[in-house]
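Just the one chain here, the form predicted on its own, laid out as structure tokens.
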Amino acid sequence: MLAKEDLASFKLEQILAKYTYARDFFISLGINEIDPNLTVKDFAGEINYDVLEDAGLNREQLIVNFLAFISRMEALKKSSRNVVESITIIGGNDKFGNAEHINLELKVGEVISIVGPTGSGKSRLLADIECLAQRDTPTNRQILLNGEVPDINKRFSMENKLVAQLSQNMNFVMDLSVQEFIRFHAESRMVANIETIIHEIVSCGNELAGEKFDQDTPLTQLSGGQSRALMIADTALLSLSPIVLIDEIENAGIDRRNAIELLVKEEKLVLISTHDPVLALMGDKRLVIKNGGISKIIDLSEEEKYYIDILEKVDKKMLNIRNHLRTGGVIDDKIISGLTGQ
């Protein structure tokens, strides 16, 4: 940041180039026309007295408030940068009180699958990670950030959430278009190139979605698959949360492999709770949940990597059959032979 004591002597052109949000300060006072060739001091000297009176400020106070605004915004940006390289799960106990005996470090860029029967405790593990549990949940687990106990502000801060969660049940109720939704999010993150990021997120979402949508589509008209595709793109390209929890998106109607690859490319730690064998095998590790505890940790083998392609082909054939039925088709020997390869 430019030195605070010198900032008022810089031309507005320089300040607006470095602090793209600075114009918002003047707009909030009803000042829409800014001469970029003037310094802050000179510009304050030319502002109409009636405008200052409406704002309850004199010229000196305006300069002080402007500098304070810059300082606050820079502090907010700094606090929003969640530098997370790893999380560590220190085991607690299952629902019968048996110890987990787990001390597992998970690093940004990894994909971790969480598998187990319905009701086994997959969502509880995700919840422990999301709240950065400190032996204060039913499982008695502890979660470390970068090998250390997280600051309490990181645990309970609503502004700077470390974890973004994408669930199967994701429905919008806001009366906004896709474009307006992304714009509001981008503005809250103080992004400079908002139009570019809107285009990128919509384009990325359409690459993931089974059916296309555009930036003027109302959020309430998006299908379940489109909603999740939009949120995955938004999380990857705009969200500052370094940890992404995905809870059962196997039936979301999106390109799952590309979705996972996108999140990893954007330096996220991705944890997937799933019953889907294809998604399960996309993880670098699988955490097997039983009776509310982590019972086993499995590293993806080379043999399993080979079988992913085979399972994806079977999965694609099943998807084609579902679409065939949805459009009024019937199941016959030709359809079944196409599935079984016979």
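Don't overthink the numbering: it's just position in the shown sequence, from 1. From a predicted model like this one, the values you see are computed outputs, not experimental measurements.
Below: the form predicted together with a small molecule, not depicted.
Taken together, the three residues Q165, R256 and P277 all stay farther than 4.5 Å from the small molecule in the predicted complex, as judged by their closest heavy atom. The single contact residue among R183, R189, K95, H199, judged by any heavy atom lying within 4.5 Å of the small molecule in the predicted complex, is K95. Only one of N146, T118, N103, N193 lies close to the small molecule in the predicted complex, with a heavy atom inside 4.5 Å, and it is T118. Interface residue remark: S239 is not counted as part of the site for the small molecule in the predicted complex, having no heavy atom within 4.5 Å. Contact between T220 and the small molecule in the predicted complex is not found at the 4.5 Å heavy atom cutoff. Residue contact check for P150: none of its heavy atoms lie within 4.5 Å of the small molecule in the predicted complex. Among residues of the shown chain, S71 is not one whose heavy atoms approach the small molecule to within 4.5 Å in the predicted complex. Annotated contact segment (heavy atom within 4.5 Å of the small molecule in the predicted complex): 110 to 118, selected among 206 to 214, 256 to 264, 225 to 233, 110 to 118.
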